[in-house]
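Next up: a single chain in structure tokens, the form predicted alone.
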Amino acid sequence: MTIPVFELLRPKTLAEASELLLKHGDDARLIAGGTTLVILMKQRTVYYPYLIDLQGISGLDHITADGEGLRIGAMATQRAVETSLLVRRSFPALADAFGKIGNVRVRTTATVGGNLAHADYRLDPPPVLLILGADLVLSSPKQTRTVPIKDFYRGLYETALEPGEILAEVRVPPAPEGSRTLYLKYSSLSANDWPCLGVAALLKGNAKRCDELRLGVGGLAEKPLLIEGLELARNETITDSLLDEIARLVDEQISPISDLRGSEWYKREMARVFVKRAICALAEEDPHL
């Protein structure tokens, strides 16, 4: 199926791209890797008379680190993050999450910013970025502002982006010293498919004493969620009863959407399984399942 006729606009700067967004309003859409947008336009699910191509803007594909943590440009490809030695050494769960998106052909083209701004409830990276306390840098002609990723997602395909704003960079602060992270993706159809659910966990401590626990989930609500109330696990031994209590806490906060990959009941059951599995793997200091 062919794409309806559209005009491709090629700005050279972020400011120019933002101005084009403001000028054309709902008739325009940013295109980065285009792996999702092109498919949707071919399917006639969406149509935009103007596409604003970000490929010609330099300086947006960096992956660097400084004293404040990791910085990833919005135009860095998912494959670049997956294979980056810098990311793999300091944030292995993040590299793993990007490496679980689709297939290698998709990841070689698709971008970090495009993935995050798409705001689908089944995305792989957001749960990990949530437990790491990442911030997103949003740029517009008037200002550049930083938004915690926990405040970025508002609902299904809804974000905190305001008219003319563009996601420019992801900033990830250093993880707590001595902590370990893990991302588990469960696909009920095929390995290349959207996840039925994804669970990211950060644990500082071990099975005998939990100093800090963070959980982020995807595919279990209209937006990625950072689970609240996990202070109950602090200074506790990780036992079956504590795992049950944590699983109940997660169940109270999620609201799974029934779809092709599983019913609400099924996703709730799988959430219990994968939350417990992630915590136990980290508590045993063996994240390789």
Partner chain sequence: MKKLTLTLSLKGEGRVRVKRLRDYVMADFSVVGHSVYRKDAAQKATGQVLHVGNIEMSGMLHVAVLRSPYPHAQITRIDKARAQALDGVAAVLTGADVAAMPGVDPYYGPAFRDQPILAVDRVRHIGEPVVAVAAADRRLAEDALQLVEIEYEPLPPVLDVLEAVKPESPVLHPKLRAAGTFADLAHVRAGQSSNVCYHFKLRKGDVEKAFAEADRVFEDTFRSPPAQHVPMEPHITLAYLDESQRINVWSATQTPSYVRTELSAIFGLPMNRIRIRVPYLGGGYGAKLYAKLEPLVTALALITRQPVRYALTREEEFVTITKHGVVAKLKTAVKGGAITARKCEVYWDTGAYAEIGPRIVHKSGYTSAGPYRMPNVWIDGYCVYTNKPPAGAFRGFGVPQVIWAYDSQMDIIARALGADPVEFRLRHALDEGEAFATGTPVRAFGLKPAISRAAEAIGWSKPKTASSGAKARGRGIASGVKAVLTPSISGAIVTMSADGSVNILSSTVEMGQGAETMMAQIVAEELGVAFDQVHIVQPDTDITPYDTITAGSRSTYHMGNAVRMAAAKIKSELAAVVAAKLEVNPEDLVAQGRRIFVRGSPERGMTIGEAFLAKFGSLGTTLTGEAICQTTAIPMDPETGQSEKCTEYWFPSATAVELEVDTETGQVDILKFFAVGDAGTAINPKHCEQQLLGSAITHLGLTLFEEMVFEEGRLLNGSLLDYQIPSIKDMPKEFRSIVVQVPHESGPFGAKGIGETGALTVSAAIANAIEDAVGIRIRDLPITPERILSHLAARREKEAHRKSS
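Positions refer to the first chain, counted from 1. The structure displayed is predicted, hence computed values, not measured ones.
Unshown form predicted in complex with the partner chain; subsequent notes refer to it.
Trainee: Between the options S255, N235, Q43, S241, which residue brings a heavy atom to within 4.5 Å of the partner chain in the model of the complex?
Mentor: Partner contact (heavy atom, 4.5 Å) among the options: Q43.
Trainee: Does R277 reach the partner chain in the model of the complex, with heavy atoms at most 4.5 Å apart?
Mentor: Yes.
Trainee: Can you check whether G262 is within 4.5 Å of the partner chain in the model of the complex, heavy atom basis?
Mentor: Answer yes; at least one heavy atom of G262 falls within 4.5 Å of the partner chain in the model of the complex.
Trainee: Would you classify L156 as touching the partner chain in the model of the complex, given a 4.5 Å non-hydrogen atom cut-off?
Mentor: Judged by the heavy-atom cut-off of 4.5 Å, L156 is well away from the partner chain in the model of the complex.
Trainee: Is there a heavy atom of N192 lying 4.5 Å or less from a heavy atom of the partner chain in the model of the complex?
Mentor: N192 belongs to the contact set for the partner chain.
Trainee: Pick from 132-140, 179-187, 71-79, 163-171: which stretch has a heavy atom within 4.5 Å of the partner chain in the model of the complex?
Mentor: Among the listed stretches, the partner-contacting one is 179-187.
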